[in-house]
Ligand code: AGP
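First, one chain by itself: the form predicted on its own, in structure tokens.
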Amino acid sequence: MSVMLNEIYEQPQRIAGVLDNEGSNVAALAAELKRRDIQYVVLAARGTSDHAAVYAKYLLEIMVGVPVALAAPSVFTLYDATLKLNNCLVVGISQSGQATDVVQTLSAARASGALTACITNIAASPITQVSDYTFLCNAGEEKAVAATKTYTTSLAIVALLGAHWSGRPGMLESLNRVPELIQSTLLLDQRIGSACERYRYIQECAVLARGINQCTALEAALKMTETSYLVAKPFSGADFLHGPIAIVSEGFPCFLFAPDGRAYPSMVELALKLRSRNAEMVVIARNSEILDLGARSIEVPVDVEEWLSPLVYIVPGQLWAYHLSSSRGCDPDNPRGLSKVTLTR
């Protein structure tokens, strides 16, 4: 089995490991956040980790009510700016823990009086040295260049933080069901492998979602770009209507991630507009209403609460990226010109 595919299949057990091993650590941070009455959050990350940060922004703003900003690390690394970050939580996310710009952002934040935390897969890494709290993905070694299990385990840690900090009843119980939901979703593997053959020669596409699943569009597009070398453009479904929809002509491939929830009605409206332009839609959803609009439809076999849907709905995106890459004769485990750790400043 391909290394990437094997790591996709590991995700249920790896997320279960996060929930077992990091729950008390996250609860301790949540208690400290309440004690200090932390009023806002800044997140620093790059690449796939930045997509986990996008999920954190939506989740914490929705569930906790604190403003969350995505840091521009270049502000610290290129321009040597000093920000006033007291009474702020600054979180760095780096799978390897070696992201130089993220580490420098955390170091500067700590010096300015911020409470700092990190999410990483490597305990003995530079990012942990500048963090007051460290949360581990517990994902084991990730050998494929394209990150999969470290992404979803990062999401699981973010979900734990949202659950503990908000104190909303039932959230932890729902989160504990996620490994089982992902295990059921992996049953789509063969169907996705067959469906993607139709698209093996595409050179560009749009990847669309809305709200808390904006991270899913970003991450699915990145996985396709990394492994198949096509131009996959991720958009918010709302932003897409403000101009970029002009790229859609007859047969233009559009991938829609549309789980049930607050964002679902707007995704149906978008799908109807795309159908009127004769777009080639691949729809990943649970509801037959929108599935019926797709040229190819991937029915997610589980019901999942919207706040947790990014952990489940990225799995079809990962499987699609893997199978599309294989069908094009590419090597999904080792994409050309890429390395597992990328250092930027």
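Residue indices: 1-based, along the sequence shown. It should be emphasised that the depicted structure is a prediction, and the values quoted were computed from it without experimental measurement.
Beyond what is shown, the protein has a form predicted in complex with 2-deoxy-2-amino glucitol-6-phosphate (AGP); the following relates to that form.
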**OP:** Using a 4.5 Å heavy atom cut-off, state whether Q95 contacts 2-deoxy-2-amino glucitol-6-phosphate (AGP) in the model of the complex.
**Re:** yes
**OP:** Flag D189 as yes or no: does it have a non-hydrogen atom within 4.5 angstroms of any non-hydrogen atom of 2-deoxy-2-amino glucitol-6-phosphate (AGP) in the model of the complex?
**Re:** no
**OP:** Find out whether any non-hydrogen atom of L85 is located within 4.5 angstroms of 2-deoxy-2-amino glucitol-6-phosphate (AGP) in the model of the complex, and reply yes or no.
**Re:** no
**OP:** Consider A156 of the chain shown here, and say whether it contacts 2-deoxy-2-amino glucitol-6-phosphate (AGP) in the model of the complex, taking contact as heavy atoms within 4.5 Å.
**Re:** no
**OP:** Have a look at A99, V91, A209, C137 for me and say which one sits with a heavy atom within 4.5 Å of 2-deoxy-2-amino glucitol-6-phosphate (AGP) in the model of the complex.
**Re:** A99
Subject >> Position in contact with 2-deoxy-2-amino glucitol-6-phosphate (AGP) when the complex is considered in the model of the complex, options M267, A146, C196, A117, heavy atoms within 4.5 Å >> reply: A146
Subject >> Which of 48-56, 22-30, 300-308, 282-290 sits within 4.5 Å of 2-deoxy-2-amino glucitol-6-phosphate (AGP) in the model of the complex, heavy atom basis >> reply: 48-56
**OP:** Go through 155-193 residue by residue and record those having a heavy atom within 4.5 Å of 2-deoxy-2-amino glucitol-6-phosphate (AGP) in the model of the complex; state none if no residue qualifies.
**Re:** none
